[in-house]
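We begin with a single chain expressed as structure tokens, specifically the form predicted alone.
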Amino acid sequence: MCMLSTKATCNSHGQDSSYFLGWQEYEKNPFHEVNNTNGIIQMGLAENQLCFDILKSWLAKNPDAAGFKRNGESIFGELALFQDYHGIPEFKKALAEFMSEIRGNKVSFDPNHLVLAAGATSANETLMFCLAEPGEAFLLPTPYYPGFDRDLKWRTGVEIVPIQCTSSNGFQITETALQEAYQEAQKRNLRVKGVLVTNPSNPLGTTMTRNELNMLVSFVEDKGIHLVSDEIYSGTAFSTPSFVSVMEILKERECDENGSDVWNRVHVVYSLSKDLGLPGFRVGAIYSNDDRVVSAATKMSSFGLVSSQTQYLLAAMLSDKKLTKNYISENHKRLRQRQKKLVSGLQKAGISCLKGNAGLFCWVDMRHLLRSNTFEAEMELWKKIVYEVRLNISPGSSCHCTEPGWFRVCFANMSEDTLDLALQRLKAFVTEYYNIPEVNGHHQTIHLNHSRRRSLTKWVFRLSFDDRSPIPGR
């Protein structure tokens, strides 16, 4: 008889995905600019380290905030003792205003409708607990963040049904794909409770169009279901087209004024992990117009609170409008420059990307480097890049992409010198193994010939988890 619960022994966490396994390989041999220059460079982690200097400078100039003082007097005891799980009002107000500022103040957020959570992971799971029963389903467009298999499903029992998107239109959601996913859920006897999207998209690095957002709102309105918009990358939209929040769409459609039920069935998830680069602070939030969702989520938040010390510090930081204005502008500038550098470097290696305007990564097209148009070939290429090139990137199959050969490559979690080294390694790899000709300093994007494809099958891989490669579509 098993002495553990089914939850403890089930295999639905997703930890054996290549997305997480790549991290494990990196941790065995991590690159360091001084101590381990031959190690694996981490390009599978979407962290934003480009503007740490701005935050550090502010902290140096505002010692009271970091020292838990108010007007020079210590408030350590006040912060160390019990705090209501509704959150510190000053922080919720500052966070709501920051969310509005990121969106160009085109929409406003009521702090009373914000629920704090220990990061977006906790926020998304809490919403699933509020909106769906075990065995009910949410529709998600592919490719999607691999962690959703854990965040949305593992403890809640909620099912994910993919909305199949393809490169033919830049992976945009179509009405046909939406309807097909809905019908697929019905075939599986799953009651659909909603649609969840990431905007800007992780892993695509693109913002959703107004047409897509309007289509989604119309779809959930027609079906009588929920729409969850995960907008944790909203402050990373660094070039045109600009980011449009689903809340802006609701405002344009006058959903509140005309009494539409959809007003209470659209919910936003936010976090400071990506825009401010503070994943270690564990600050997430749910925004909902439904008082019942806010009430239930607030009660559930007691299982994943944001510390009072963190709230106090960030309340002071986000209330400084001079800081936030400068940070948002400079963050966009540095992300734009860094993304341009990655795209340019990949082009020199004969590799192209989906045109992106947001996020901390690029959706990179390596289909022409596959020995065959299969996910097995994608895994072969990925393993070669991890072990021989010593770069950890995320294969598209881990993101449930329907087309082999796409990879997510992060660019904001390392120094410029480290990115240069990563691009040098990749270019050398393409030159050595694929014999792609160089014209005017750029490798030309061509498809592999059959002899080269045959030679790739002779690779010897040392990974111990070959038999656990993710199955496309799961």
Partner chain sequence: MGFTLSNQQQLLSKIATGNGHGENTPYFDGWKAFDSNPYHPTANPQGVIQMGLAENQLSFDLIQEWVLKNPEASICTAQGAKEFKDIAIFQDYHGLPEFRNAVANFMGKVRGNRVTFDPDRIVMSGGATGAHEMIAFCLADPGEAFLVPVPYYPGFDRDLRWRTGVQLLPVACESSNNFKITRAALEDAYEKAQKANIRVKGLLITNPSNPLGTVLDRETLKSLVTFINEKNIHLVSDEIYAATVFTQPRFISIAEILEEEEVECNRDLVHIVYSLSKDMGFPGFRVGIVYSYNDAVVNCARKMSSFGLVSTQTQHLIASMLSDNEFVDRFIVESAKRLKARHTRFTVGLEEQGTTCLKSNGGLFVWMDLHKHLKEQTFEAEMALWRTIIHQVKLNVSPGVSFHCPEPGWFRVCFANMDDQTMEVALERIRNFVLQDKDAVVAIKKKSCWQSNKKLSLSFKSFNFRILDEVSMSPHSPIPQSPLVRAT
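Positions refer to the first chain, counted from 1. Quantities reported herein were computed from a predicted structural model and do not represent experimental measurements.
Heads up, the form predicted together with its partner chain isn't pictured, but that's what we're talking about next.
With a 4.5 Å cutoff on heavy atoms, F375 does not count as touching its partner chain in the predicted bound form; it lies far away.
The closest non-hydrogen atom of G224 lies within 4.5 Å of its partner chain in the predicted bound form. Using a 4.5 Å cutoff between non-hydrogen atoms, K333 does not count as a contact of its partner chain in the predicted bound form. Its partner chain in the predicted bound form is not approached by I41, whose heavy atoms all lie more than 4.5 angstroms from it. Residues placing heavy atoms within 4.5 Å of its partner chain in the predicted bound form fall in a single listed stretch, namely 146 to 154, out of 325 to 333, 204 to 212, 146 to 154, 350 to 358.
For a residue to qualify, one of its non-hydrogen atoms must sit within 4.5 Å of its partner chain in the predicted bound form; none of L216, M379 and G405 qualifies. In summary, among the residues L370, V161, L278, A315, the only one with a non-hydrogen atom within 4.5 Å of its partner chain in the predicted bound form is L278. This chain is displayed alone, yet in the predicted bound form one of A118, C255, A94, M247 has a heavy atom within 4.5 Å of its partner chain; that residue is A118. Interface residues of 283 to 307, taken as those with a heavy atom within 4.5 Å of its partner chain in the predicted bound form (partner not displayed): D290, R292, V293, A296, K299, M300, S302, F303, G304, L305, V306, S307, in sequence order.
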